[in-house]
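Starting off, we have a lone chain in the form predicted on its own, written out as structure tokens.
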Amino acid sequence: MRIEEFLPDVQKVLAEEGEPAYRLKQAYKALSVSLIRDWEESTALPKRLRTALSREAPAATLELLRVSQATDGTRKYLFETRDGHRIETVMIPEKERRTVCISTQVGCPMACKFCATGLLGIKRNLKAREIAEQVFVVARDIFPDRVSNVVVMGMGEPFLNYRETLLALKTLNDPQGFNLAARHIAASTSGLVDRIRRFADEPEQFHLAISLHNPFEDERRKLMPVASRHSIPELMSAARYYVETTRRKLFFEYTLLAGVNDQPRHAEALAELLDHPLYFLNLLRFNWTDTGFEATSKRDAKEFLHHARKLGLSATLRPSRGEDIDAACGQLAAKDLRGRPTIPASR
């Protein structure tokens, strides 16, 4: 973990101020361990340095505008970046777990037909510090409870912002920093096969989820434009590479859409496709967005799960959380993004 890559603006200030090298580690721990939001909170740093940092490299790169709480306890955080864009983050409480769902881009370029974020297009990638800071803010907010898991399933396609996303995850995993176990961190992709292979080769033991949503090529292309770039055979080849390289379980995300991908033939095709003991199917009923789709009924969703399990699939039906505050999967879309000019995502 190279702290100077995570905090380049802080490193620049320290160099300009002629500060010793150990100050960078002090600043890093202040942010990732003490979870400060203002350098004045870090009394280990000299007053003169705190003033310089506050002026040139503020401790908070995101302004927290609002926290909304759903009836089930789910919290949604609305942030504004320094350049005026808005992103959303979600904290999901469940028994002993506190899972934080984070964003990696402002908007999303993947344009999945049932996803509210996909309607926005892409504005820009988030920096590693902006990605990790979402977790820091939530951790500070829910203290003395602790963040137990992080899932990179918020706004954006993480693998189109690969370098910054991975740097953020390494920061969250760093034993000298936030110290969250790698196996409690999971990234999700819509199916970028080259990045799936690259992720498999990373030394950290992060988990991976792949958005599948339909086992039939032509039907998947109608739901997910990325399917026109990478066929299902290409995707499954990358999936096989991942499990054979890492020996870790691989999750496939599948949103049930009424009359679209919830028929017995879909379950049967999934059983043929997900033919590895390390593959696991996560089913989720569609959460309402203004996209024209409807959710599979609870009864039909349970029948689909039952049929899938009878066919030998390892599968579960995940409950939706935070629907009443638009915090559930596929619902994140800071409304101010609509209509603003888009910026092509760098890779």
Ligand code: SAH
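The shown structure was predicted, so the numbers you read here are calculated from the model rather than taken from an experiment. One rule holds for the numbers: they count along the sequence shown, beginning at 1.
Another form exists, predicted together with the named molecule; not displayed. Remarks below refer to it.
Of the heavy atoms in Met153, some are within 4.5 Å of the named molecule in the model of the complex. Contact between Glu133 and the named molecule in the model of the complex is not found at the 4.5 Å heavy atom cutoff. Contact annotation: Tyr279 falls outside 4.5 Å of the named molecule in the model of the complex, judged by heavy atom distances. Although the partner is absent here, Ser211 sits close enough that one of its heavy atoms falls within 4.5 Å of the named molecule in the model of the complex.
Heavy atoms within 4.5 Å of the named molecule in the model of the complex are found in one stretch of 155-163, 231-239, 136-144, 90-98, which is 155-163. A single residue from the set Thr171, Ser103, Thr255, Asn125 has any heavy atom within 4.5 angstroms of the named molecule in the model of the complex; that residue is Thr255. Residues of 179-195 that come within 4.5 Å of the named molecule in the model of the complex, judged by any heavy atom, are Ser188, Thr189, Ser190 in sequence order.
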